Ligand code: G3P
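Next up: just one chain, as structure tokens, the form predicted alone.
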Amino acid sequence: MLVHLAAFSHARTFASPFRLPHALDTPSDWSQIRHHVHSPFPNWLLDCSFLVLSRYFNIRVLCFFYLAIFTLLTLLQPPPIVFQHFNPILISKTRYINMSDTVLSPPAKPGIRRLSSISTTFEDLALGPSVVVPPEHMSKPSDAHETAAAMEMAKHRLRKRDNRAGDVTPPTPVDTLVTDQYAFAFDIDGVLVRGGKPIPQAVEALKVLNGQNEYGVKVPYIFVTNGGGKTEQERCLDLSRQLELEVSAGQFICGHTPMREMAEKYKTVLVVGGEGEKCRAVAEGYGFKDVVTPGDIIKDNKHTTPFRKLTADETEHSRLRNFGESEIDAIFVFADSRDWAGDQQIILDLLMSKNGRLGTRSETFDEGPPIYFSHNDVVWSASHPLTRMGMGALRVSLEALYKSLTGKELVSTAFGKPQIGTFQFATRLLQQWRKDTHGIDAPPRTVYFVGDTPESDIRGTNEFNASSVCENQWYSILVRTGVFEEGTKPAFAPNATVDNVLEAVKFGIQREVDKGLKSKVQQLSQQQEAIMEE
């Protein structure tokens, strides 16, 4: 509190008629006070008392007076945290912390299983709330545990609330060192990892978010990726191993995550993309009851794709059925196609069919099943030095082929970034987390989205922020470690452009620090004016 007043006393150019009657001769008096900023009295009371007394007494005398009071209070009732330096980041309702303090590892959350990243499978993660832990952190929770566990429980409660069509009573909020004012959302490929290997600054960036920064603040974070073909649990395992990070599936939102909500709408669906049977497993895990793959269709009729033959493994795992008697209600492209020619042939057969029955042809070309894509990225960042074609390129190709064959425009739906629905889901998750941990039923005021693709990451963030459904601020940050090429002008301009994810994290935290200082100064100025009016 006194440090706020010290900052105010040095900034004598504020638009206020009030001026401190005595200059602060040396900053040493204030620096001594800074080491004893602990008081049971509310800050506003101390602010007012100091400002009033400073009109009649020398500032230095008041410094020693408050120093004596705080020292006496400290001896009578030692505070649980000693504040060594001033930091303007509010991390809970009533207290501040600094990196010079000892940040204790949080206890493990009750009801959360801690599973080793070495031996755990994604099937294990599907059995209940859990976090994936690198072996070196199995003995006690790491700094990342609190956020990972809280997000896992938040998504668990959010899913239960959606399924019950009602509210789920959240736990009683407890003291936490994690700020609820802002959060980070990260794309993965090109931001944190590239070609399956961590980008050098990624590990340090997450350490900063987990409290290893000059302010000692912990910041919540989630991962929003268009990468498909894997469950959130499998993504969680991959990232924990790549970054050696304690993380939970609750922190992940994949492009196909919103497809979960369509499981009750369609009975028989075709899923396309990914390796082997992974996409079928993802769809069945989402609740789809009858899932078929291109391999099933080829197994039923090998002439469907003249130039593609099933391998022995595909033949073994593909499910035999008579598709001449089955109707497919919808097509879902869950992940990037491994066989563009074969998959496009099957998709087009269905789009031009009568009511999704293979071997038939609609006369009007408007009787086929709807088609959904988990995202619309035309290119993405992989191990190759140049960008590679993604699912969005397959969508463009299908649209061109469909129009060439039918003369009509293909109507399709894409999820993932830049679609607003993905950002809405992320907002709902962060709001549930904040309600659980801080008792506030609203999303964090600011979400910093860090991405590498202007056409999806930046465009999606900006458009969602400008939309009528956005309840807070989404702030876009573009990094130079992925799709974006230096020297080019982004098709969609970010709020900020930085070299890498570490610089993005530092930028966001510093921006919040500056906002906190400005807000405090304005508050003090208003208090002075109120006192002078009285």
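Not measured: the values here are computed from a predicted model. The first residue of the sequence shown is number 1, and the count goes up from there.
Heads up, the form predicted in complex with this ligand isn't pictured, but that's what we're talking about next.
Student: Only one of these stretches, 374-382, 356-364, 199-207, 270-278, has heavy atoms within 4.5 Å of this ligand in the predicted bound form; which one is it?
Tutor: Partner-contacting stretch among the options: 374-382.
Student: Is there any non-hydrogen atom of I188 lying within 4.5 Å of this ligand in the predicted bound form?
Tutor: Looking in the predicted bound form, residue contacts with this ligand include I188, since a heavy atom lies within 4.5 Å.
Student: My question is simply whether N226 lines the interface with this ligand in the predicted bound form - judged by any non-hydrogen atom within 4.5 Å.
Tutor: Yes, contact at 4.5 Å.
Student: Can you work out whether D180 and this ligand are in contact in the predicted bound form, taking contact to mean some heavy atom pair no more than 4.5 Å apart?
Tutor: No, D180 sits far enough from this ligand in the predicted bound form that none of its heavy atoms falls within 4.5 Å.
Student: Are any of the heavy atoms in K417 no more than 4.5 Å from a heavy atom of this ligand in the predicted bound form?
Tutor: Yes, K417 is a contact residue.
Student: With this ligand taken in the predicted bound form, which residues across 336-367 come within 4.5 angstroms through any non-hydrogen atom?
Tutor: Stretch hits: a single one, D336.
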